[in-house]
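Heads up, the chain below is alone and in the form predicted alone; it's given as structure tokens.
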Amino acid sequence: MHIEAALLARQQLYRRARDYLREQDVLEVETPLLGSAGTTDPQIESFQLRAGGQTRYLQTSPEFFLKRLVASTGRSVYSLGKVFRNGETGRWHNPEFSMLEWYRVGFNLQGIMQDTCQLVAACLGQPELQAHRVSYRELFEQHFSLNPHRAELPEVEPLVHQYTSYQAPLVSVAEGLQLLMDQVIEPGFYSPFTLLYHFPADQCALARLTDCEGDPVAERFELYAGQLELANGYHELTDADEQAHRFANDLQQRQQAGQPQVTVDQALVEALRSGMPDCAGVSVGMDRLLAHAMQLDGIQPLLPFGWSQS
């Protein structure tokens, strides 16, 4: 594929995304690429550098800055630009990639799921997006007759050893559920689009928790195109004390795993404490969405300057 075709297709994709969000009165903003705080998520590593005698982090997402703007303005906002994640390289990954992230004030989980479908449909030039909606629990009950929100290690480990290539002892239930999801469930996503929602409470990231049929679940969703994850969204946590607790828990997990420690974004905690409005947010990997639109089996052909060329 000639790179010019990819550049023109990306320009059209970005224009359609911006047109949709402008029509929805979502304000485009710029956020810093370098910040004094990094992500505490044990699953994600930040690039660190020294600037002006201080440690700075290339942002893995504009999330913290966007939430601080929601708190200070009360407006729905979005950012479209580059983000950075250390160590993520492959067919669908690049350490530097393009992300669209937006926050809708007054939206709940169902509202942001519908909003995401409408935006992706607009980006693809389609009138609507037909997505199969299914909960995390429904999938595990269909495949393994297992309620993942109440499962214990003696139930999960035999399933992992039976259905996946992983044969070592499990460290946790969460590890086992993720292996079953990655190796058994996700490869079976054959619908054009799938909305997976209500993740286990320990996979809440920055989403709020709710009760669903007696189970604590995260108000979180992911949108897949076939087996490719395109978007990740939350009904956002607005409790400052709970946010501080989750940051501390992340740092403890990172220490136990021997991962680098990072500076916590206390400004986000204070923004929540000042009173962030009820809102929902979502991020979309634009390189992946473009690859899907162009029917490519990876993002590398779309990058005019890949990781090895930059």
Partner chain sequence: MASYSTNEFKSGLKVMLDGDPCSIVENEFVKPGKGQAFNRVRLKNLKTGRTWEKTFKSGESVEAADVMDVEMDYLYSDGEFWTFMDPTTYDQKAADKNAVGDALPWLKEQDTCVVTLWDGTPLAVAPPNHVELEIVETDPGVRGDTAQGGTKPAKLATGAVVKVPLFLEQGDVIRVDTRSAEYLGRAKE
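Residue numbers count along the first chain shown, from 1. Predicted model only: the values in this text are computed from it and were never measured.
Not on display, but discussed next: the form predicted in complex with the partner chain.
> 145-153, 167-175, 71-79, 188-196: which one contacts the partner chain in the model of the complex at 4.5 Å, heavy atom to heavy atom?
It is the stretch 167-175.
> Does at least one non-hydrogen atom of residue 234 fall within 4.5 angstroms of the partner chain in the model of the complex?
Close contact exists here: in the model of the complex, residue 234 approaches the partner chain to within 4.5 Å, heavy atoms only.
> Does any part of residue 242 reach within 4.5 Å of the partner chain in the model of the complex? Heavy atoms only, please.
Although the partner chain is absent here, residue 242 would stay clear of it in the model of the complex, with no heavy atoms inside 4.5 Å.
> In the model of the complex, is there a heavy atom of the partner chain that lies within 4.5 Å of any heavy atom of residue 88, even though the partner is absent here?
Residue 88: yes, in contact with the partner chain in the model of the complex.
> Could you confirm whether residue 43 comes within 4.5 Å of the partner chain in the model of the complex, counting heavy atoms only?
Because a heavy atom of residue 43 falls inside 4.5 Å of the partner chain in the model of the complex, the answer is yes.
> Work out which of 128, 182, 211, 141 lies within 4.5 Å of the partner chain in the model of the complex, going by heavy atoms.
Exactly one residue meets the criterion: 182.
> Since the partner isn't included here, can you check whether the partner chain sits close to all of 92, 205 and 229 in the model of the complex (heavy atom within 4.5 Å for each)?
Every residue of the candidate spot has a heavy atom within 4.5 Å of the partner chain in the model of the complex.
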